[in-house]
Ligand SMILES: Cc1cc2nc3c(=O)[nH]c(=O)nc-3n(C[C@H](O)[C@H](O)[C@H](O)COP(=O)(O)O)c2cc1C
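Next up: just one chain, as structure tokens, the form predicted alone.
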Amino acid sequence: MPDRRAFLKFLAGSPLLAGLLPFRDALMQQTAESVISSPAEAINVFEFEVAARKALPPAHFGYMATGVDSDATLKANREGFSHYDLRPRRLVDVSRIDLSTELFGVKWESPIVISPVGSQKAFHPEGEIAVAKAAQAKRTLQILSTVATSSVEDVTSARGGPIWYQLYTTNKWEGTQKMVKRAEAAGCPVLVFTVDLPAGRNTETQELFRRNDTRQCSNCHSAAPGATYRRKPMFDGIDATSIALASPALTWEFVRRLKDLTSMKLVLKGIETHEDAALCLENGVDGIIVSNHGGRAEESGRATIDCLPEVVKAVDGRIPVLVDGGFRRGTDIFKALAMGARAICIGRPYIWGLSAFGQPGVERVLDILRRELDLVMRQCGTRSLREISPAFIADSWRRG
């Protein structure tokens, strides 16, 4: 029996099953008694997903786990990495490896960035503060969400240095102005404007999980207009009674307006095509994050790793390109870097770690991904990120 449990645990954590969510869900339930009890036990980031599901109420796990519609884009983000194979090189001195990258004149120890995720106290009592402390310990770039449950000032203090601020614009320009100026005053050097949610989203998986939650959600979540935002620190001093984060009327003119409003660098998050990448350049954008919101925006069915090459080609090195969506392995990160990404962003993996173990869980997730990236760089004969190029991957998907 112990051998069977060990085998099931291996399967549940296997990246080969990353797109087979129902099968993996069943395996998670069968291996509940084998869930890791400390971050040090984890051999890969998938083990934290199992631990997070055990630790969280169903509604909270569902909020984090959901895609949209049938979760096709969520699954595509993982499956997309299988479209590309590695081309290792041999007999290269890889005794020293440099994982560092530079973004807007700042050098970071690794190309792994902590993505903005809202409402982190729904996953752990210390929320964004625990993540900030982990980011400080691991000298990692952190991006804070507009709908964070901790203020930009408190998170910056816990991080011990500047963070980037992610912006959901509101339907009221005055509210947007206040948030941008507050982030700027807190020392944020970069504003990350999320552009992929113009009219809300259909999160069916979240609703299915919520049905299995026996708690009374209204005890914590009021349905009154603006109540959700009034509980978020970044909305302090903003009239939230009729506020909305979905703004279907937004155009590129708003991007230019943001540029005029702030001295922060402006990065657009949610770009997926070469046409929009070219428009970013035309409108003075300083950087791009190729993103489909972790499969939580539209049901395009297209992986961000498949979107990345056309964006990189359109930008042609003039501004940095980052990418998020489904990163779970060091090989995933390597492939994105080989395609021209300056850095990659993770969301769910560090939230799994936070949910199960707080700050130590986040730190362990970062350690595992760094270790795996270091290993694949050595295996491929690349000693620094500058040496990673398209020559190290083969497009097996299109080759057939």
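When you see a residue number, it is the position in the sequence shown, counting from 1. For clarity, every value in this text was computed on a predicted model and none was experimentally measured.
Another form exists, predicted in complex with the named molecule; not displayed. Remarks below refer to it.
- The stretch among 82-90, 288-296, 255-263, 178-186 whose residues place heavy atoms within 4.5 Å of the named molecule in the predicted complex is 288-296.
- Heavy atoms of no residue among Thr140, Arg159 and Arg329 are located within 4.5 Å of the named molecule in the predicted complex.
- Proximity of Phe46 to the named molecule in the predicted complex: non-hydrogen atoms within 4.5 Å are absent; the residue sits far from the partner.
- Interface membership of Gly358, defined by any non-hydrogen atom within 4.5 Å of the named molecule in the predicted complex, is ruled out.
- Of the heavy atoms in Arg348, some are within 4.5 Å of the named molecule in the predicted complex.
- In the predicted complex, the named molecule lies within 4.5 Å of some heavy atom of Gln166.
- For the options Pro233, Pro309, Gly118, Pro198, the one in contact with the named molecule in the predicted complex, meaning a heavy atom within 4.5 Å, is Gly118.
- Residue Val147 is the only one of Ala130, Val321, Val147, Leu191 with a heavy atom lying within 4.5 Å of the named molecule in the predicted complex.
- Contact annotation for 52-70: residues with any non-hydrogen atom within 4.5 angstroms of the named molecule in the predicted complex are Tyr63, Met64, listed in sequence order.
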